[in-house]
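Starting off, we have a lone chain in the form predicted alone, written out as structure tokens.
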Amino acid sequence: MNEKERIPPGQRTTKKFPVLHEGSVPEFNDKEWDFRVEGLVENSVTMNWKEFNDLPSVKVTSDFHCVTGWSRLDNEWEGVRFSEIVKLANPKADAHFVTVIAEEGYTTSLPLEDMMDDEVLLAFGFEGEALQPEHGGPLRLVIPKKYAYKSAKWVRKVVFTEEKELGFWEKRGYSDSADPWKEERYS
């Protein structure tokens, strides 16, 4: 696929990686940080930073689309596929959605089916280096097939649920499906 075919309608490309987020950039202390998996699962999980980094990791190159109209192509992310978290937690049959909870009260929610895509990562690396705090480090959700507000920065917990919960931006009028190819920017 050529570059032009990779740009969703209403988007323009940039080589920069603009920084956009709600709230301040939280401090990271690897000795106090934890990651939790809860909700409709057979195995609730709590991991510290070292334990999280010991999970199998991959590098994935994907495009990134912001609801404000820019797209950055060929981003190399390193992290843990969300499917690895599913293997650890073993969601119950009635778990159909995942609510992602981040620092600063930020949340987003997606269908479990969407989260199982091979490109969906809990990323701790970007372009061969540790993911910088202003871009969501130490841990950011990356969902390339959705607008970037679904790719929550500073992730701390995932909760498997039966019903979809509206996230931070979705409660404020943004599209819950967030498909850049359909220009689903606002509800």
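The first residue of the shown sequence is 1; numbering continues from there. These numbers come from a predicted model, not from an experiment.
Omitted from view is the form predicted in complex with a small molecule, to which the following refers.
- Here the marked residues F35, E51 and F160 all miss the small molecule in the predicted bound form; none has a heavy atom within 4.5 angstroms.
- The partner is absent here; in the predicted bound form, the one residue of E27, E127, E134, D30 having a heavy atom within 4.5 Å of the small molecule is E134.
- With a 4.5 Å cutoff on heavy atoms, P18 counts as touching the small molecule in the predicted bound form.
- In the predicted bound form, the small molecule sits within 4.5 Å of a heavy atom of R140.
- Within 4.5 Å of any heavy atom of the small molecule in the predicted bound form lies no heavy atom of A123.
- With a 4.5 Å cutoff on heavy atoms, A102 counts as touching the small molecule in the predicted bound form.
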